[in-house]
Structure formats: C-alpha cells, structure tokens
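The data below hold one chain only, encoded as structure tokens and taken in the form predicted alone.
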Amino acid sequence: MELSERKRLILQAIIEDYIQTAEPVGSRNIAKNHDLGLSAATIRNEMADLEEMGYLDKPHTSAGRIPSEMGYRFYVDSLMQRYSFTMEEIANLQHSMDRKFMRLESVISEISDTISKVTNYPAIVEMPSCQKSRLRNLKMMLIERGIVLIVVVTEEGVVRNKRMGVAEEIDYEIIDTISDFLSGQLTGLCADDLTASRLMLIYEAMAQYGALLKSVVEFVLDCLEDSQNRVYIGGASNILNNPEFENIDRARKFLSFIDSHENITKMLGTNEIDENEHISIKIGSENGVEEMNDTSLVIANYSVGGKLHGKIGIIGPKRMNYARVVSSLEVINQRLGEILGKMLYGED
C-alpha cells in the first residue's frame, strides 16, 4: 500500500527525531516540534496505522514509537533529504585527508581513522586493487654478512619487506646480480603468471643459487596474493558511543565480528553496489549477517585513475544519520581517489 502524504511526513518526522534522540517518539512530540498542522490525536492514529503496516515498532516500556527496518528502508529510499555540508565542513574534511605518506597502507589506515572521526561511526576502507595484483619492483640488499633484506612493491603501492638468511660466502655483488635478474624476470607479473614452467626456467638460469631464488619468489608470491582484498577499520570503538550498544553482550558480539579481517572482507564482497547507484545502504538484517542485525552499513565504490578500485564503508546503528553519512562518503570518495591517484600515478 502506498503511503499518503500525511503518513510520509509523520514517518519522516519520527525517524529524524529518533536519529537525534535515540528515544521513542510520541505523538505529542511530533505535534509540538513539527509544523504539520495536525493534532496529537490525528498523529497518534496515523502512527498506529504505520505500526500496523510495519513501518514502526512500539517498545514495550514506552508509549512512543521507533522505526522498524522497513521504516528505515522507506526513509532512505523515499524520504531522506540531502545533507548539505557547509564550505567550512568540506574544507575541514578535505584538509584532514591532505597528508603525505610514503606507503599506501599508511594512507588507507589513516583515512579509515579520519572517516571514523568525521562521522563518529566505525569506518572501513578496502585497499584499492585491480583484478590481478602485479609486481612493480623487487630489490634485494645485503645489509650484513649472511643477512639479506628483500623489498617488494606491488602495482597498488603495497610495500612488504623481509629479512632472510643467506650463505656467508654470498657477497654484495652476487646479491645485486640476483636482485637485478629476478626484478627483470618478475616485474609486471601477477601470481597467476608465475607458472611452474616459468619458475623452472628462472631457477635453472641461476641454478647455483636455486634455493635462495626459490625463497625470494615464494615471498613475492605471498605478497602478490596478500595485497588483494585488504581492509582497514578505523574507530571500531565509536560504536560504543551509541545507546544501542550499552548492552555489554551486544557490544562484545559486534566488536568481535568486525575485528575479523575475514568477516569484513566477506561482508564487503557480498554487498555489491548496483551500476546505477554510487552508494549502497544495507539496514540490519539486509546485511545477511546476524552480528550486523542491530547495525546498518553504508558503502561506496571509489576508483583510482580508472585502473584500481576499492570500497569505503561506514557502520552505525540503524538509527544513524543516513543523510550526513551519505554526504560525507561522497566528499571522501572523490578526495580519496585524488589522493591515491597522485600517490600511485602522479596524477594532478
């Protein structure tokens, strides 16, 4: 059944009041605080209809109403007004992201913290990736007799390093030779390119150092496979600032869930964004995960130079300020692409 204009206005007023107060909303409050031209009795009757239709719930301990998941869904799809940032808010948000970092992980980690601080909700940022992570650079350096440092840089800008023991007789010149050889053989390749036959040719070309080459190549493979689908979570404890999570068991259950990299990666993977949308909102049980039944997830895709992509998301109670969160993600989304584009590709 389609909602009348009067029911739409009342539902919007209830949801926006509940977002602000976290307290059940009564008909007298609506009549007093919103210029709807309706009496408290009329509003109360309409609220009863909205509850019967499934848009509102009534807590047992209160005469007021709170939105149901169905109510929130209708609100974000049909009633939510666009939140307009002031120029000062936009400038502050962009300034907080305009820092220079040497490593991509530092950028992603810092930005996840920044988003959390701006929204006061936990934030997720997925490492940008293409379908196949490729090697950009490989360098081996003998840092002391018997110890070599291996530095691997992927196409996405992910940097990994590892100290590895080598035979005492291997000197700087040999390490430089092996480093240049492997860099020439592996640069631009992804994990799938390193077939058994290709690796056999590499090992045979420098058979006297086959064991060392094998160890280095295994580390490169680990780096290429690990650099995809990495996610960073900022401000997870911010969820505790909401009264919905004053219950210790509920809070512990949620924090335990998002503490798992595997859980977050899987959740992002199952929440694809429609081609015609730039932001997706999943409310409560729509996330398909029991631990997220009391929360909502707002996610957006971001792209870097048309070559890489990832997701950014914000997790909050179902009562979250959706309009402000969506506007925040729109500003952050654009700036994130610019920052990473400049870092990875030197784009202006």
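Quick caveat: nothing in here was measured; it's all calculated off a predicted structure. Note that residue numbering follows the sequence shown and begins at 1.
Here the subject shifts to the form predicted together with the DNA, a form of this protein not shown in this document.
Q.
I need the one stretch from 318-326, 294-302, 278-286, 23-31 whose residues put non-hydrogen atoms within 4.5 angstroms of the DNA in the predicted complex.
A. Of the options, only 23-31 has residues within 4.5 Å of the partner.
Q: Considering only heavy atoms, tell me if M70 and the DNA come within 4.5 Å of each other in the predicted complex.
A: M70: no, not in contact with the DNA in the predicted complex.
Q. Looking at the partner-bound form in the predicted complex, is R6 within 4.5 Å of the DNA by any heavy atom?
A. Yes, R6 sits close enough to the DNA in the predicted complex that at least one of its heavy atoms falls within 4.5 Å.
**Q.** 4.5 angstroms heavy atom contact with the DNA in the predicted complex for R44
**A.** Flag for R44 set to yes.
Q: Flag E51 as yes or no: does it have a non-hydrogen atom within 4.5 angstroms of any non-hydrogen atom of the DNA in the predicted complex?
A: Yes - in the predicted complex, heavy atoms of E51 and the DNA come within 4.5 Å of each other.
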